[in-house]
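Coming up is one lone chain in structure tokens, specifically the form predicted alone.
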Amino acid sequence: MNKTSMILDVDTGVDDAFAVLFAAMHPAIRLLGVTCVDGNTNVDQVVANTLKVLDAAGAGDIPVARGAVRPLLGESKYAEYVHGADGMGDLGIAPSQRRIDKRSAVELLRDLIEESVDPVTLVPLAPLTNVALFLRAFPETAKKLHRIVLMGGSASAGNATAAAEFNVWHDPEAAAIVFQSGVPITMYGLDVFMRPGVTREEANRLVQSAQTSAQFGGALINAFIERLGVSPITLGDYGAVATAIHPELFTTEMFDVVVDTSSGPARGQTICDRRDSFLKELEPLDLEDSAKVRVVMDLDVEAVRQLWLKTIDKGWS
């Protein structure tokens, strides 16, 4: 089986945990490392949560590095009201005995990309602060990236605000740097984010599984359902990881995209030019900082759901 060499950049809350669990367990992914950033909760809690997820996945010695403690500009804006005070459902999970890598997130990204024999896919599931800092610090290494497949943005409405998705809104300046970097980008955003979900009944079956990873995933889903009062619950960030290894399950379109870094009500919006081509020719998007981005607009929901359930429950031989 051909493997995708992958690095995750996370702010592990609950849906990041779904993604890390999957990436650490799927046989088509060679998970090189995980970098952590301030986002859903503070970066130290993000690190602690990430190590716990790797334990639940039965992962090997995967390096995990601490990254940015705040956005490039402004203050942190956490989502603990969604993810819990500990960022991961307040389940009281015991601390991991894994050790954090001594390198910073930016240094780990540099080293893993430089050392990899195969092209590396970077999958950010969080505010893009770490990635922007890496791109600016090590531009020659960044050119060696195969692509970036990120969870963030929207070609329609937002969730943090009416216009902006949380990850981009948390650090719009960082997002603008990443989108303008020249690295090929696929954006898995709010247009599809909520669609693959797991029900309470499915979560309860996972909890009863013999697999530790499934028990862990089921407990997280139930905690999320209790907190938000909805079922099914979205698998969220996991979809970006699935896009990277199973593009045939996703429908994408190429758009010119601009990140709004203004201080107005559209701050953090990913402006996607979805007009017909003749209109674009008449009135092109008159912004120098636009970028060509592949945007996920549809997906095979059931296939994507089942891929996650199969991976974390039965595992792979």
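All residue numbers are counted from 1 along the displayed sequence. Quick caveat, the model's predicted, so the values are computed rather than measured.
The same protein also has a form predicted together with alpha-D-ribofuranose, omitted here; what follows describes it.
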item	value
Listed range touching alpha-D-ribofuranose, judged in the model of the complex by heavy atoms within 4.5 Å, from 106-114, 185-193, 135-143, 199-207	185-193
Contact of T129 with alpha-D-ribofuranose in the model of the complex (heavy atom, 4.5 Å)	no
Exercise: M151 in contact with alpha-D-ribofuranose in the model of the complex, heavy atom 4.5 Å	yes
Contact of N40 with alpha-D-ribofuranose in the model of the complex (heavy atom, 4.5 Å)	yes
Partner proximity in the model of the complex: F216 to alpha-D-ribofuranose, non-hydrogen atom cutoff 4.5 Å	no
The single option of Q211, S76, N159, S231 touching alpha-D-ribofuranose in the model of the complex, heavy atom within 4.5 Å	N159
Within 10-37, the residues that have a heavy atom no more than 4.5 Å from alpha-D-ribofuranose in the model of the complex	D11, D15, D16
